[in-house]
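This document starts with one chain, in the form predicted on its own, laid out as structure tokens.
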Amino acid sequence: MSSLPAARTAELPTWERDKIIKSPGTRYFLLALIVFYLILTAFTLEIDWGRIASGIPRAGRMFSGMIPPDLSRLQLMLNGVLESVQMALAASLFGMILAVPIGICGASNLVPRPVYFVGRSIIILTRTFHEIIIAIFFVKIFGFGPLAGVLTLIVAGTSFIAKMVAEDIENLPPGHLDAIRATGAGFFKLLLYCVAPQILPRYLGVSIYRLDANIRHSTVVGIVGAGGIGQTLAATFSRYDYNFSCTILIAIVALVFFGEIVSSWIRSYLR
């Protein structure tokens, strides 16, 4: 095959990687700004390098103290794991139930404006605080134990699922809602025959994801006294019982892996 003439080859367009910021000067300016910010942050954080140096050997002693794991108190560990699983299941169930009416109230194309503002306000307020902060509140109100953990996970799960439900309803094609309304169907028939069939698959998928997240979070909220295996883990660290801490950490990893496997299987079954 003969090669193209040199003049024609010069006319062919050359490929260039697409750049988000076209101007080289702007790119270099932003890069210099980021570097300056990182340097400024390093000085303003007042990092104590002496404490970091002394913490490295302390970390070595802590990790070496975890070996071998303590298997003599497996029953105590299993009780904590079972409590975490029960917390996650109960919170996921109640979260799925409560999220539906709140999500419907938070859909602007389905309810009047006053109801919409109330629904969106509930979603925003419950999503404002991290699970640990919510758990601290419930521990202060109801005391230590799994009740505070279950209530924390219910609030977090409800807000998460409700936000997804509200956004899915708002993303429905307007023509579908108008067609059902044109038949004279009431509000509940509109939910039953138009909204539910279209958002149900995603609702179930998000709920299964939230169950997986609740299993992980149930091991975290216990650190502030909200029950579960996390509460036992926090107690072992406070007693410098690192051997048993290692056993609990292994159990938490196994629990999260198990939750991921179960949620993946359920999602594949739903598909």
Partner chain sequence: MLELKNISKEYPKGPKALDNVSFRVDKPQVVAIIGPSGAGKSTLIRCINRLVEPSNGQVLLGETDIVSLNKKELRKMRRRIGMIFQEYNLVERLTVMENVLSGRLGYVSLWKAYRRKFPPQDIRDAFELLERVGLSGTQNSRADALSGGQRQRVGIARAVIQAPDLLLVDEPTASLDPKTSRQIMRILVELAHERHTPTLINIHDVSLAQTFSDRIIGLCDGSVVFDGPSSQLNAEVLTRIYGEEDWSTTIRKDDDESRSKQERGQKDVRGEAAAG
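Not measured: the values here are computed from a predicted model. Positions refer to the first chain, counted from 1.
Beyond the structure shown, there is the form predicted together with its partner chain, which is absent from this document and is the topic of what follows.
Taking a 4.5 Å heavy atom cutoff to its partner chain in the predicted complex, the contact residue among 109, 121, 183, 75 is 183.
For the candidate set 143, 101, 114, 201, a heavy atom within 4.5 Å of its partner chain in the predicted complex is found for exactly one residue, namely 201. Contact annotation: residue 192 falls within 4.5 Å of its partner chain in the predicted complex, judged by heavy atom distances.
In the predicted complex, residue 127 stays away from its partner chain, with no heavy atom inside 4.5 Å. Contact annotation for residue 82: none of its heavy atoms lies within 4.5 Å of its partner chain in the predicted complex. Contact annotation: residue 179 falls within 4.5 Å of its partner chain in the predicted complex, judged by heavy atom distances.
With its partner chain omitted here, the record of contacts in the predicted complex names 192-200 of 83-91, 155-163, 129-137, 192-200, defined by a heavy atom within 4.5 Å.
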